[in-house]
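Below sits a lone chain in structure tokens, taken as the form predicted on its own.
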Amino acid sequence: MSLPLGFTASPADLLRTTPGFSLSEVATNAAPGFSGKKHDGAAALAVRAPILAQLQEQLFAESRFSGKRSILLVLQAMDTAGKGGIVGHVVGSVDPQGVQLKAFKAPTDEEKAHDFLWRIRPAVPSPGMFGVFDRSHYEDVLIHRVHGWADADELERRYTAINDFETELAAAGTTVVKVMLNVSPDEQLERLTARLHDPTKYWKYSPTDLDERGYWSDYMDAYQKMFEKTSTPTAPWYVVPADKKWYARLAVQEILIETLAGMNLQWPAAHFDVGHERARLKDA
């Protein structure tokens, strides 16, 4: 597969975590593998959008004829990192009838009464669907680790349960793409400040965002442990620099394109006599 315009290397290869990966050594304001500037990135995003849309349509079409495959994009990040922008500018370029979006909030009392994966399983994309988790089951090993809501033994159980769960998904035909949008504390502060200076953005602001910011280093440690425990050949993690929103969107788009292209999707063959139907049209 040839590289898209502006890329000097595959972002999927550059951003996939590997053994020995260290989050603290990753620049949040970089644009790995891309030689252009912001306007070049915006242009590339627009050029590649129809390609992603076609691949998604092929996935959807395949399922209309007994296909079992689907894709699940898992988005994790600190607040303001741009998850909504990925949903709007990347996932938003495909046919919405083929998208299953689930934004996981704080669990309800009923959900807390069950194992942490209980509320996750029903949201898994069905065959042919492009699933998106805006936050996910990983909250239960991130925020719980940071705030001490789960002890070390329970966290280890959850890491194992997550790996088993994602292995089950893969066996059932769901390809899992896990993306951590890596924003810096300085950039987050700018974005939070901007929200408080724009009445149209007040709805995006939550006082808890500022509270959680005080645990930044603890969250980074929790993310590091998460990568070490749950980045597997079946479901690897991609750490995408997110200080430049345009690059994060472009990189995630390209990771999705590479993943879907690697599935070797095909248009379903006609289940009728094409010549006969063309002849009938002439008389219609």
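Heads up: residue numbers just count along the shown sequence, starting at 1. Definition used throughout: the rigid core is the maximal C-alpha set that superposes within 1.5 Å between two forms. For clarity, every value in this text was computed on a predicted model and none was experimentally measured.
Another form exists, predicted together with a further copy of the same chain; not displayed. Remarks below refer to it.
Heavy atoms within 4.5 Å of a further copy of the same chain in the predicted bound form map, among the stretches 158-166, 210-218, 144-152, 110-118, onto 210-218 alone. Contact check for residue 199: a heavy atom falls within 4.5 Å of a further copy of the same chain in the predicted bound form. For the chain shown alone, residue 134 is a contact residue for a further copy of the same chain in the predicted bound form, at least one non-hydrogen atom being within 4.5 angstroms. Taking the partner from elsewhere, residue 95 is found to have a heavy atom lying within 4.5 Å of a further copy of the same chain in the predicted bound form. Shown alone here, residue 57 lies within 4.5 Å of a further copy of the same chain in the predicted bound form, counting heavy atoms only. Looking at 270-284, the residues that come within 4.5 Å of a further copy of the same chain in the predicted bound form, counting any heavy atom, are 270, 272, 274, 277, 278, 280, 281, 284. Put the two forms on the same core and the Cα of residue 275 is off by 2 Å or more between this form and the one not shown.
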